[in-house]
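Single chain ahead, by itself, as structure tokens, in the form predicted on its own.
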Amino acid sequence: MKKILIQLDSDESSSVFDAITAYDAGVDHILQYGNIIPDHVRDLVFGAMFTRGEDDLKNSAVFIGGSNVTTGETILKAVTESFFGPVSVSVMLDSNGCNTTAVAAVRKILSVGSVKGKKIVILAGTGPVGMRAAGLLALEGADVLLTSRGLEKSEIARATVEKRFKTNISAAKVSSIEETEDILKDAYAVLCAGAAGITLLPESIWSGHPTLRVLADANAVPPLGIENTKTHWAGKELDGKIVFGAIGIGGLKMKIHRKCVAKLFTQNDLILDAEEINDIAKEIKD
């Protein structure tokens, strides 16, 4: 029986990136739908649920993409609310790569060593990747501090992370080199999760820093988030630090993405969000 993936995309055009990744993961056919809103979801999901018998439902699955993560989350809710009893299909949320990128960054940081009880700063962390990484690192026992240029925005993100992941993190405002330097005092690791093309961590701060051990940057567009690093670094040791650039993180992100899509077709009741994707990523040797 053919493996069919239903790609629900909040953007007008469904993602070619997500489609190719799905084919590389072993999907036979992809049904792509763009401009999806929650009201569209039920009938599309019913089409997957009622065309195959219970034993064959694992051969149909749903992937939620698009650039708007908030819309993706509402689509995921609409998908799961369409299920009843054992009649369901597996579903994965990865709008704008939010979950797979965050998980890959977290796994890279953890590859260096345990983060339990250690201070980790997420600079410009109020976006989907930064917030998910904050929650996952907190669940690993890290003392996570999430920053934004404005305190109100960082506090809103903190509350969202704590509610979503049922854990505790801290928030702070960082809008100057002096504040960046101050916030990194006693930090073990830093993840730069800001907008493309903005340097968040100058070399003058990270080079020679007495406690920083791990530097990770999710930005692949010059200038990079961490000054004088390279996007392809995937654990390069420099000045006593282990550095992961965006492409270095991205290689693992792709492995995670493909493995999760393949996993959808092993049973018909998986719901893959950040935590579940993180669990699957633990099985990958990188």
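Not measured: the values here are computed from a predicted model. Residue numbers here begin at 1 and follow the sequence given.
There is also a form predicted in complex with a further copy of the same chain; it is not shown, and the following applies to it.
Heavy atoms of every residue among Ser13, Leu44 and Arg258 are located within 4.5 Å of a further copy of the same chain in the model of the complex. Of the heavy atoms in Lys2, some are within 4.5 Å of a further copy of the same chain in the model of the complex. Residue contact check for Thr229: none of its heavy atoms lie within 4.5 Å of a further copy of the same chain in the model of the complex.
With a 4.5 Å cutoff on heavy atoms, Glu54 does not count as touching a further copy of the same chain in the model of the complex; it lies far away. In the model of the complex, Asp28 approaches a further copy of the same chain with a heavy atom inside 4.5 Å.
Taking a 4.5 Å heavy atom cutoff to a further copy of the same chain in the model of the complex, the contacting residues in 28-50 are Asp28, His29, Leu31, Gln32, Tyr33, Ile36, His40, Leu44, Gly47, Ala48, Phe50.
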